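Each of the two blocks below gives one form of the same protein chain as structure tokens; they are labelled structure 1 and structure 2.
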Structure 1
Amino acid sequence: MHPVISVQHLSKEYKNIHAVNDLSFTVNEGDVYGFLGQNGAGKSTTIRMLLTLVRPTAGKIELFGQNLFTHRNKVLRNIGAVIENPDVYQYLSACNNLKLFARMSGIHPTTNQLMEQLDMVGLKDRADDKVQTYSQGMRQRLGIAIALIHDPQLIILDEPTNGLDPQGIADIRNLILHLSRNKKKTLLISSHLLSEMEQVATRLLIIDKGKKLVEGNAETLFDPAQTVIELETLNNEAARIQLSNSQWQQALQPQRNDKILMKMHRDQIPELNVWLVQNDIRVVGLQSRHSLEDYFLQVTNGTQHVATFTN
């Protein structure tokens, strides 16, 4: 069984800027592959290389076990993609846009099939309206309908929740889950928000400055045993001393700022809370997040850390 995507030592250089730098990763069938990084980390460039829009400076890309560049058309027929904002022909209706792109993918759907597809993304009622009258969310959904019309095995969504309201984001999330669980599709989804990926991804890749930082299964990366707690009290100095002299000593982490940083299993947090009250430590704030998110935040704040995560 070939992996759906196999990228090896992929690089892209633009006039001395390494947009993607020796990147390797694998997406297996059935994965919902979260592709994370801050804006400019090289996500879009990588996705564009997967779609043959950008020519790699070096490296190898195989999709469905076939070299992308020698079997371009055959491979692309099995991919549906929404790249950044799904820009479609503004002067055409949703239905006509869908029909046009379906033809470009080599299929001739009936009007019923087109309508079905638009119904799935909730655009059936507006199918005959010109796209220029659509909201950002509607365009995003139309983009997804276009990506799916030719029933591809691999679906690539580049920042699919960009510019959407909370309801729109929830809709997209449900759609991703539906495609993965019910339609058995493989998805590659890029995002700059870890919280978004946390809820859908089965595997994750985090890149920064074109380089891989972390790749692993979601269960491992979101391990509850690796929950990070940020504690703020009325007197952090005193509290820290008290904690270091208690059973929580092991959980204490080196300080990053004036807040107290701890790492423990999620289940231990209520216990910590009780202990703090019992020891008369006045808590101003207690924030918990799993360590991946903590790590990701640090990375995206520009602080470079060496990855310590393993599969």
Structure 2
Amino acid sequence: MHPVISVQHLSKEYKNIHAVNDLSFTVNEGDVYGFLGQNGAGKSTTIRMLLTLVRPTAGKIELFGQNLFTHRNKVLRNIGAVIENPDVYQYLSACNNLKLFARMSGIHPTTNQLMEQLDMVGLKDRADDKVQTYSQGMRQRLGIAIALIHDPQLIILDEPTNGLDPQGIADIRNLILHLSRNKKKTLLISSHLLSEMEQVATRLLIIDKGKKLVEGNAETLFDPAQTVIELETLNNEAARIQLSNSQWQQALQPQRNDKILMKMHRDQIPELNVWLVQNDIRVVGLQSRHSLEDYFLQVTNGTQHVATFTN
């Protein structure tokens, strides 16, 4: 796999604030790369640096194997981006918006090409309607059509589902999958909707306070052999002693708060449940933590326990 984005030791400081702090990551060709973090984690600042909208304090950015700042114009021609809400002309139709932005990019598409682009984002039937009549989701899809008019290799979407209703979110999800699977595009997507990222991302990066916490393949991070069990009993201290002297001792993880954490293959959970009953351990709660949302919350709320999920 060829790296499309290579970020090395990237930092951005605003007075005494480290918005991005020594961040390194790689996006490979064909990735749908989920860029995750809480509000203020540094995602938008990083994306703005990738688009040369913000100058880094330190670090190196390479796109398509070339230094971003010495080959800026050449590199940016291969990128399409939608940052927050796309700016479009409300009094123009979708078709005329698309035509206008294409000409700004030095492109003169035919009417058929414009309609094909709008069809790809599900707006062909509303091509001649003014954008002021569009829903937020339709405007978001038009913004993506504009970002794709020059057929870029890399697409960067910053919170593409922000403010959308369930149908709008589903439309964006299907569009992302279409761009990845059928158009063979590489995508970097920042999002707060973890359930959506779980459905589309092939690789993930989680940052917190500008620093990288976890990066890896989605299938590895959610390996069923790495399922974390959160166990609560009427007497956790006694239960932990019994578990540590049993065949489950290797599954035990460092204690967090008053819960017992165990890591095992998902298929072993019924066997654990039977063992707990047979040993008269009174279970109050037994939950598996294996979704992206659970994983994200565990990592960002207790960074000292990253090893529990990644070792």
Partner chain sequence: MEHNMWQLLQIELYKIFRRPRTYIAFGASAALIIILQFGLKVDGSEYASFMLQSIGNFDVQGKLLNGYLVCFIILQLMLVHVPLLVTLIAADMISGEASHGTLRMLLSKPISRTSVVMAKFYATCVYTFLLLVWVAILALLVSLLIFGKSDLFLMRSEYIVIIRKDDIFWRYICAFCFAYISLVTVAALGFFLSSLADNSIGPIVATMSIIILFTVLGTLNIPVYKAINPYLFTTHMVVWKDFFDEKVNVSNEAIAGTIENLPSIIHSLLVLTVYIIVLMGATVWVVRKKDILS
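For clarity, every value in this text was computed on a predicted model and none was experimentally measured. Just so we're on the same page, residue numbers count up from 1 along structure 1's sequence. Between two forms, the rigid core is the largest collection of C-alphas that superpose within 1.5 Å.
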| property | result |
| --- | --- |
| Answer for which single form is the form predicted alone | 2 |
| Is_shifted residue 202 between structures 1 and 2 (CA, 2 Å cut-off, rigid core) | no |
| C-alpha of residue 103 off by 2 Å or more between structures 1 and 2 on rigid core | yes |
| Core-aligned CA displacement of residue 55 at least 2 Å between structures 1 and 2 | no |
| Per-residue CA shift, residue 125 (Å; core superposed between structures 1 and 2) | 4.3 |
| For residue 89, CA displacement between structures 1 and 2 after the core is overlaid, in Å | 3.7 |
